[in-house]
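So this first bit is one chain, no partners, the form predicted alone, shown in structure tokens.
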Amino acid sequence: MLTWRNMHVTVRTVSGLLNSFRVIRSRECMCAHGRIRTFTTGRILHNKFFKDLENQFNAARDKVADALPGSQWSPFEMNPNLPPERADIVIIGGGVIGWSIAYWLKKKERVRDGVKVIVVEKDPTYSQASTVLSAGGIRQQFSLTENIQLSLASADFMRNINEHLGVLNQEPVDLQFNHSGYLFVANESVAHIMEENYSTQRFAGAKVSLLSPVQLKEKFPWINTEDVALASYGMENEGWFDPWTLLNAFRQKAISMGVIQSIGEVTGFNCTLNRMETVDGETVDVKRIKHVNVRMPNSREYQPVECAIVVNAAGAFSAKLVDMMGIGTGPKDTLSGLALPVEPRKRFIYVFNCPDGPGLDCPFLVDYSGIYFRREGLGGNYITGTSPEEDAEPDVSNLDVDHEFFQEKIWPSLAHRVPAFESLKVTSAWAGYYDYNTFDQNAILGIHPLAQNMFFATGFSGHGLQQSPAAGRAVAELILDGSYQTLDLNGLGFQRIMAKEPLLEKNIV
């Protein structure tokens, strides 16, 4: 212990600049305490002390040099993860929709770095992201022309994905696309709706065929067709793929093009306010965002980001951003009371094994009862799920899985449609969120009339992943061109909500 006391006294007798190292040195000693007490007071420890002391003097000299005029030294520690103070466009939400918009904004810019884009995502692990927790399907079997066109355009994008999202010196993008198609099965009561949808789909360019019960049984002998009146099968551009691969491909490509990724949570906005009067005589406050406040993870530190345009691509929690702005809080049935009708809805996906189940020809089957299933890889593995009844929506405060839901609501219908599924075993399960549009279960694209510079891309109600390439392009067109250039998606704007004219989609899975 004599050496330790001598060292302590020596350090204390050094005057001036070295005093600033007393705390640092004491920490080092505390960390090294277990090692020091195992040595005797000898030459090795003596030499080590003087070597450490010399290193401290050198560090002090360098610090003084850094503090001289013209150096880069600052008395304040800067967080390197803070987003920039200014940007042209801030996209809130780093899911597949947000990154698709970012990619298309950079793709459409007329000069390199002409548009400065930031994507803010609060969950860098994507552990609760709707994108990666989805079933990964893509189809054109919708009832609305807008949805069919969005999915057709997205399928074409995915078919040529490396022409769009390939990055120099990186491995080619492989979505692991399975082209097994979607198969919708209808009973007598809903067969007429399927026929109407089929006409709309064919007119829009989708490759779909109708199958009678006999034709269905011939094509898929493992299906029970006793109560089937009609089936609809997608022959092209339908199937499933890996959601994470598509999300990551958009992200990597956008970053390679200059998009800035910021990990943090948006906690508020600084807005200007203009009080205006509508043609009906209603006084409303129209807001324009000047700054987006981004808080760093696990910290109270935040960065106000000055910007011209904000994109709300926050998915299931996009309405929270609107609430922060105080929009939609006015009286019901008024413009000031026009809220964003999007909320999180929890959906369960179960993985099960059935060695005697359908083989490689298994499509993504959607039964009229509401259940769906598809093959998951090889070895008799499948995934399945269904939407609950409106009055039985599960708690959205967590992503816990209700295993009784499978036993009571899913398995009976599975076993009825595919008798081999009488003998199956659930091997795992997870839950994810839909950004559910309670108004009409369709995407909301464009500007809210009371938020001048916030563009919305939300409310997809379960089909955002498959429509993300075309939806991202559409929003980029609205921002940079002022109108849609490729697909006419004006029907998906806020106007229908203001007019109380829902654009209902009949084929929600």
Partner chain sequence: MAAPLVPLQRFCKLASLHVCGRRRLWSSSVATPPSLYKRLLLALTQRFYDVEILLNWRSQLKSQALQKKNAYYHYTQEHYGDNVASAYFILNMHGSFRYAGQSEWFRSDSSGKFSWDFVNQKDSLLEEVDLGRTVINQMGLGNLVGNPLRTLSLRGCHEVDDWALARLHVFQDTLEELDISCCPHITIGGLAALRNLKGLRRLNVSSLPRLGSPGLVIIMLEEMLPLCQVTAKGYDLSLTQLGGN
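None of these values were measured; they are calculated from a predicted model. Positions refer to the first chain, counted from 1.
Keep in mind that the form predicted in complex with the partner chain is missing from the display, and what follows is about it.
Residues placing heavy atoms within 4.5 Å of the partner chain in the predicted complex fall in a single listed stretch, namely 357-365, out of 268-276, 357-365, 89-97, 404-412. Scanning 256, 293, 353, 428 against the partner chain in the predicted complex with a 4.5 Å heavy atom cut-off leaves one residue, 256.
Only one of the listed residues (245, 134, 178, 143) places a non-hydrogen atom within 4.5 angstroms of the partner chain in the predicted complex, and that residue is 178. Interface residue remark: residue 252 is counted as part of the site for the partner chain in the predicted complex, having a heavy atom within 4.5 Å. Residue contact with the partner chain in the predicted complex: residue 172 places a heavy atom within 4.5 Å of it. The partner chain in the predicted complex comes within 4.5 Å of a heavy atom belonging to residue 235. Residue 416 falls outside the set of residues with a heavy atom inside 4.5 Å of the partner chain in the predicted complex. Along 213-227, one residue reaches a heavy atom to within 4.5 Å of the partner chain in the predicted complex: 219.
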